[in-house]
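First, one chain by itself in structure tokens, the form predicted on its own.
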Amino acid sequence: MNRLTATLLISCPDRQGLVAKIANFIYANGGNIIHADQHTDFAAGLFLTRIEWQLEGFHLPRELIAPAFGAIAQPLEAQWQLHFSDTIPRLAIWVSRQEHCLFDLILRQQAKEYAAEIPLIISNHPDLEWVAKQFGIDYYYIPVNKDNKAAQEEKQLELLHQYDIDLIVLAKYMQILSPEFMTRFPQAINIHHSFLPAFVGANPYQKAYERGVKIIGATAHYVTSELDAGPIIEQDVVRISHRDEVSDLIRKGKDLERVVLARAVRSHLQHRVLIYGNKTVVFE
């Protein structure tokens, strides 16, 4: 059954009684908690939690929940987010020439594996416009090079605003976003075709083959101004053998990339990821 819920993601300095204080806010206002998880990073001295409750029977109107909880969060020195389950995020998928992650995300969205809209695809190549047409998604070809990058990023930002986009998914978009762009639109997830921090940058499968590794991986992470160094959301690996050529590594890697990116996007959309520093907690 689809029940309207609210979710709080909270991080704050660790101290006694935090679980009780947060849970009591919901209980005192008639809420029924349906999911709760927490983690303490003792080295950082941080308490992190995700708590979700039903809004049916909750005494506070949704517009008053944030200010009411804010009064509790302030003395706790907490950073927090409030999300409602009937808010449907809007994704922009960015691609270059490879279609495997693009197809996978669209098909999962069409199958209602996660609640999101995909109104926009942006690419630095025209090759995948046929995919967008197949699913009725608007496609914009915006070529980027070192001479026009700033101007083209302005066009991209205008489109993100025009389509009211909440999250960019770099589904094999083989370009680096500038620090200026990330300052203005920091919500982006990238899929990298290696088990980071190994083989950062281009051609990781060739590098892995030359190194003779026995496993390869894929990593989904939030994008930052530093190449392939943002907070990691999801990773996985597959074994390879001495018989595998670079083409085999690429084939096996593409399978991983689909699954790892899908998991990361789903966790983000379900508000299960908390970033702190350059790390994440991903609540189950």
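For every residue, the number given is its place in the sequence shown, counted from 1. Quick caveat, the model's predicted, so the values are computed rather than measured.
What comes next is about the form predicted together with a further copy of the same chain, which does not appear here.
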Does the trio D86, K146 and L157 actually contact a further copy of the same chain in the predicted bound form, every residue with a heavy atom within 4.5 Å? no
Since exactly one of Q134, N203, Q162, Q81 fits, which has a heavy atom within 4.5 Å of a further copy of the same chain in the predicted bound form? Q134
Does a further copy of the same chain get within 4.5 angstroms of any non-hydrogen atom of E180 in the predicted bound form? no
Does a further copy of the same chain come within 4.5 Å of any heavy atom of G17 in the predicted bound form? yes
Would you classify F195 as touching a further copy of the same chain in the predicted bound form, given a 4.5 Å non-hydrogen atom cut-off? yes
Should W130 be counted as a contact of a further copy of the same chain in the predicted bound form, where contact means heavy atoms within 4.5 Å? yes
In contact with a further copy of the same chain in the predicted bound form (heavy atoms, 4.5 Å), from 121-129, 162-170, 185-193, 105-113, is stretch 105-113
Contacts with a further copy of the same chain in the predicted bound form, stretch 207-222 (heavy atom within 4.5 Å): Y209, E210, R211, G212, V213, K214, I215
